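Here we start with a single chain on its own, the form predicted on its own, put down as structure tokens.
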């Protein structure tokens, strides 16, 4: 019902910038306030849903603020909106606040750094279908790859507030320690499961960090941590466990494979380039299986997703 309610209220909205601060070498955290009808629309935001952010009229930062790698393309026109998912949404009376954690990767996200307190910004949303919490689940395994963190962090908060009977565990992976999109960093990262990562510890959720180069936590892919946890907790009822994942597609494919091999429900948040976000441009196709056959069909990430049942998604070569 929550998703249906949010879907009915989607539309073009404005938001007031409360703050926009740098949260790491290339990460920024934007806090927005919605009022009136927009507040009502985003009060029903489901973790995993997204918004299409309009950056076309934002300024270009001064040259000395532009990362060297983006100097050549910084002045490129940005006509299309950009999709983002919130890391936190809080409804309080007639206002709703939302946090957007983003990474500077191109001219669009670069322009977002020029937003200041009191500015007005424009977006379309809430869009798409978010994560669902099936009945009877008691354990939620949250798997993050890099910038897949925001929707998973939003889900973690929702679980802690609305489903206190569910025990959540987070697995956070990235290439290096500097690529971990964490607003607060502990003095040291434990190699095992602990409450050392504030992003999840403040919600009472234990987490484990994995980096490809071993610069923080476990050395290797985060999916190894997931597999290890499942082996150590093999006595837990599989039907009471659910896996949620967001991150690079190869990671999602590996998570889906692990979940399928262990017969655990799994939901994955897919990422595609979305020009419109409402199903008009057809640019965000996802290959999906037809249940009970070998047929592959295309669904739209913006309308049918971005969250899919992992059994439904065909990951191509990574599906083997």
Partner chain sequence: MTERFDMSVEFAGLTLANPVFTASGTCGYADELADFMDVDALGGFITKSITLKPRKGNPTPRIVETDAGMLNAIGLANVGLERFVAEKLPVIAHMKSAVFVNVAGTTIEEYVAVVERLADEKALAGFELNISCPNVKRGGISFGTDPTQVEEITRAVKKACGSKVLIVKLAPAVTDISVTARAAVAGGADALSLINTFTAMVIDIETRRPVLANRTGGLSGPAIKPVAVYLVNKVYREVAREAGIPLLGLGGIRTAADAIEFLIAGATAVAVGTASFVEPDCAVQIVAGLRDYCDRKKINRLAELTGSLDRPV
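Residue numbers count along the first chain shown, from 1. What you see is a predicted model, and the numbers here were worked out from it, not measured in a lab.
Unshown form predicted together with its partner chain; subsequent notes refer to it.
Student: Answer with one of 124, 179, 112, 133: the residue that has a non-hydrogen atom within 4.5 Å of its partner chain in the predicted bound form.
Tutor: By the 4.5 Å criterion, the partner-contacting residue is 124.
Student: Considering its partner chain in the predicted bound form, which of 185, 82, 137, 157 comes within 4.5 Å of it through any heavy atom?
Tutor: Contact with its partner chain in the predicted bound form is made by 82 alone.
Student: Sort through 58-66, 28-36, 251-259, 266-274 and report the only stretch with a non-hydrogen atom within 4.5 Å of its partner chain in the predicted bound form.
Tutor: Looking at the partner contacts, the answer comes out as 266-274.
Student: Among 22, 97 and 204, does every residue place a heavy atom within 4.5 Å of its partner chain in the predicted bound form?
Tutor: Spot residues vs its partner chain: no contact at all.
Student: Would you check, heavy atoms only and a 4.5 Å threshold, whether residue 230 touches its partner chain in the predicted bound form?
Tutor: Flag for residue 230 set to no.
Student: Closest heavy atom of residue 77 to its partner chain in the predicted bound form, within 4.5 Å or not?
Tutor: It does: once its partner chain is placed as it appears in the predicted bound form, residue 77 has a heavy atom within 4.5 Å of it.
Student: If we define contact as a non-hydrogen atom of the residue within 4.5 angstroms of the partner, is residue 280 a contact of its partner chain in the predicted bound form?
Tutor: Close contact exists here: in the predicted bound form, residue 280 approaches its partner chain to within 4.5 Å, heavy atoms only.
Student: Does residue 290 reach its partner chain in the predicted bound form, with heavy atoms at most 4.5 Å apart?
Tutor: The answer is no: residue 290 has no heavy atom within 4.5 Å of its partner chain.
Student: Just to make sure I understand: among 48-65, which residues lie within 4.5 Å of its partner chain in the predicted bound form, judging by heavy atoms?
Tutor: Sequence-ordered list has one entry, 54.
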